[in-house]
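One chain follows as structure tokens, the form predicted on its own.
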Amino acid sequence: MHSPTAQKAKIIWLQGVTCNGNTHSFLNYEGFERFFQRYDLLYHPLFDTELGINDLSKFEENFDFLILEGAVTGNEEFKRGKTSFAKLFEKLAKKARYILAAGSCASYGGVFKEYDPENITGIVFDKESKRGIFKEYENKTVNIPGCPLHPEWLITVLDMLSIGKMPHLDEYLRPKELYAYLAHDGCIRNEYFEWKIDVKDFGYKEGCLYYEHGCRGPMTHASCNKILWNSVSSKTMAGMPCIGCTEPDFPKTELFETKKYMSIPAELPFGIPKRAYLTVTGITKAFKIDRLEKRLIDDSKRDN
């Protein structure tokens, strides 16, 4: 338990090339009172903080967490305050104990990399490769991808590190405590997935979104269906396919279509051999499960 007299961990939240999406997601965090009891937010562009953006270039203290939202660029014309972003990040990165890449752009380049593939990367990674502009900070960086990241994921990592517990990181520097799962795990549509029954359209409660609508839940490492958004829902629960935003190759094209060869999905669920998939598919498709073919709530049968 955090003691009221314990020293708060100091955070600087810097923005690179961003849409502010991770900040907007963070603002939905439900435990801000507890957050501010544990953490001292020295700078954030949208909060009333002790430091302003131009104070950061003169900031000489060591601090605990540098949170970066947005992709990085070495373009000296891209500034934050009166200082180039690259110089400011470099200065703060040296002073920070840990660097947290908040969201897919800071982790791997994300959406903004598509605009300028040669000059925009994540901190350590350039998509799947460790060719990020600031790859020398790998040893103190934790990636928390997502478009946007889930605020609970960020707080989980902050809380672990602030008590001296380093998360178990995967090959893309994602905490396994959050990203060892697939978005598929916990999906309420898994029974439809198992019996190969596809959804008829977006927003329907019934059916799986994998076979026709491009859902990447079975191959995307994320805990969206275990730690729900706003504590109530997820994309697949609401009837939208997972778009794979926590993976280094995000974004892909044709997000809402399932590419197939000879009626077989081009990308099979993560870790499932093609032979096993085809065998199970052949068996399940031999049966018709009437219960799963029906609407859960059929408005056409209302009396009035």
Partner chain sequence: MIVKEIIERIEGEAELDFTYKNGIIENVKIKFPHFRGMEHIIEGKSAMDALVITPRVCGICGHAHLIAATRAMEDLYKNSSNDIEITKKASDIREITLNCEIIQNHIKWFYFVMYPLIRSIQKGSQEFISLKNKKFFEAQKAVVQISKIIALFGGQWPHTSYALPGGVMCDPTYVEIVQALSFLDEVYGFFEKNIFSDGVEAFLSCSNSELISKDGDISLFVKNAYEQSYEKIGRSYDRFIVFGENSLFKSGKVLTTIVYPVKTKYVTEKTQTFTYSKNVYYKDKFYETGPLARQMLLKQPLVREFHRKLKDSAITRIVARVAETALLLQKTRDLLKCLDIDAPSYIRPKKNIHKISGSGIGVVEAARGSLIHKIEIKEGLVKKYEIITPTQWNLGNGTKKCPGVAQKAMIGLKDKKLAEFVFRSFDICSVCTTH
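Residue numbers count along the first chain shown, from 1. Keep in mind that this is a model prediction, so the values were computed, not measured.
Beyond what is shown, the protein has a form predicted together with the partner chain; the following relates to that form.
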Looking at heavy atoms inside 4.5 Å, which stretch does the partner chain contact in the predicted complex, given the options 130-138, 156-164, 171-179, 196-204?
196-204
So, a 4.5 angstroms cut-off on heavy atom distances: do all three of L100, D185 and K259 pass it with respect to the partner chain in the predicted complex?
no
Evaluate P265 for contact with the partner chain in the predicted complex, applying a 4.5 angstroms cut-off between non-hydrogen atoms, and reply yes or no.
no
Any of the heavy atoms of P273 lying within 4.5 Å of the partner chain in the predicted complex?
no
Y277 within 4.5 Å of the partner chain in the predicted complex, heavy atoms
no
Contact test in the predicted complex: K87 vs the partner chain, heavy atoms, 4.5 Å
no
Quick one: name the residues from 26-53 with any non-hydrogen atom within 4.5 angstroms of the partner chain in the predicted complex.
L27, N28, Y29, E30, F32, E33, F36, L41, Y43, P45, L46, F47, D48, T49, E50, G52, I53
